[in-house]
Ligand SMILES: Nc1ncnc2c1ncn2[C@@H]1O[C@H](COP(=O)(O)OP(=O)(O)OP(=O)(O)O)[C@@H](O)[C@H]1O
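The chain below stands alone and is given in structure tokens; this is the form predicted alone.
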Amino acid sequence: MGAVLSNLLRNQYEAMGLEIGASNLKLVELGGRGPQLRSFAHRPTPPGLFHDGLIAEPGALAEEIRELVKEARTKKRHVVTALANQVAYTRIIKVPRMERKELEEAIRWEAERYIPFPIDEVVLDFDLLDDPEELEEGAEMEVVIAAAKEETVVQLAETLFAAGLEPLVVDLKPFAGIRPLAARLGTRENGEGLLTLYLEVGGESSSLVFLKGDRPLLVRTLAVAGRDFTQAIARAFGMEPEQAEETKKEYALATLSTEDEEALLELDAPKDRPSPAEIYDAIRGILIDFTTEVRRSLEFFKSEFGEESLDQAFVAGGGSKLKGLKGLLSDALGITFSEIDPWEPIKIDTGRFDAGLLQELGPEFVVPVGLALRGVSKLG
């Protein structure tokens, strides 16, 4: 097939970044030196096209992607895309020191111990985190492995071909989201890499990555995501999903104070809508579940890597735009979370693009920008 995970195919052409989500489709085209923003587009994904991260209606999805490309007004056809978190499996493992050629032969046997599907049914890729030549004989080295069922990758590729696009790389969303952060993943005064937490709150799933410098240490997928908040509001007030989503965006709060409620009451909104306090009550259980999952991931990380304190933490994804979520996470976990500006490493022609709109869309464009950066990278 023309599309595989991660590094298996090297870029020969500039490629657009395309994030295909159950909630939204997003496209970013970069090019030139800098690189420069050439075009971008986004549109909601119609209900029913996905089920548990899998494409349920490939023909309809291909048509939506064609419309997205038209909106972007681009003639490019090569894309870098990513699998949904629910259908991709990522793990960092330790193996005996060996050369890459040896590892290519051994990795399937090693990966079989960690991947929850039969190894002959998956597309598998890997990358070395250590240089074998810098390790002593008998030492272990770390390898990041990525896998997904072959039928899932094939279906994604066929959908893109049907949309008139050619996939060059199928990436992983957590790693794509880190790419716009590259300039922030520096070192401490003692030369050690900064310890960073990256958290993406997506539509159907969330993910987090712990890094030391630019080296990933742990990758985890979280079950709670933006759609859980929407569904809780829909259930509580008998709303259709679209209405619940708008209610969440406009009036939902992750924390509630008198000042918050008074501010929202001043908005020009229908009088029959639920109050901020009622909406907060509807999503409170989801907020508890979400912060609990992140806390458990932090505890697991500390148990595996020691009690070292984080140097920085970033939150991204459309779900992170829930009002007050960043503050809630910071207060509940004792970590200061910052937003990511995915456009920071990109040259923007403000005569062509609305800087205010780009800033507003920033949290939900971290992954597609990261995919687009991969599409203009010589690293493949």
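Position 1 is the first residue in the sequence shown; the rest follow in order. Since the structure is predicted, the reported quantities are computational estimates derived from the model, not experimental observations.
Here the subject shifts to the form predicted together with the named molecule, a form of this protein not shown in this document.
- A residue is said to contact a partner when one of its heavy atoms sits within 4.5 Å of a partner heavy atom; residue 205 meets this definition for the named molecule in the model of the complex.
- Contact check for residue 245: a non-hydrogen atom falls within 4.5 Å of the named molecule in the model of the complex.
- Residue contact with the named molecule in the model of the complex: residue 226 places a heavy atom within 4.5 Å of it.
- With a 4.5 Å cutoff on heavy atoms, residue 322 counts as touching the named molecule in the model of the complex.
- For a residue to qualify, one of its non-hydrogen atoms must sit within 4.5 Å of the named molecule in the model of the complex; all three of 19, 22 and 317 qualify.
- The listed set 230, 90, 159, 196 contains one residue whose heavy atoms approach the named molecule in the model of the complex to within 4.5 Å, identified as 230.
- Of the residues 249, 284, 295, 94, just one reaches the named molecule in the model of the complex with a heavy atom at 4.5 Å or closer; this is 249.
- Of the candidate stretches 197 to 205, 138 to 146, 107 to 115, 275 to 283, only 197 to 205 has residues whose heavy atoms lie within 4.5 Å of the named molecule in the model of the complex.
- Applying a 4.5 Å heavy atom cutoff to the named molecule in the model of the complex picks out 364 as the lone residue from 337 to 370.
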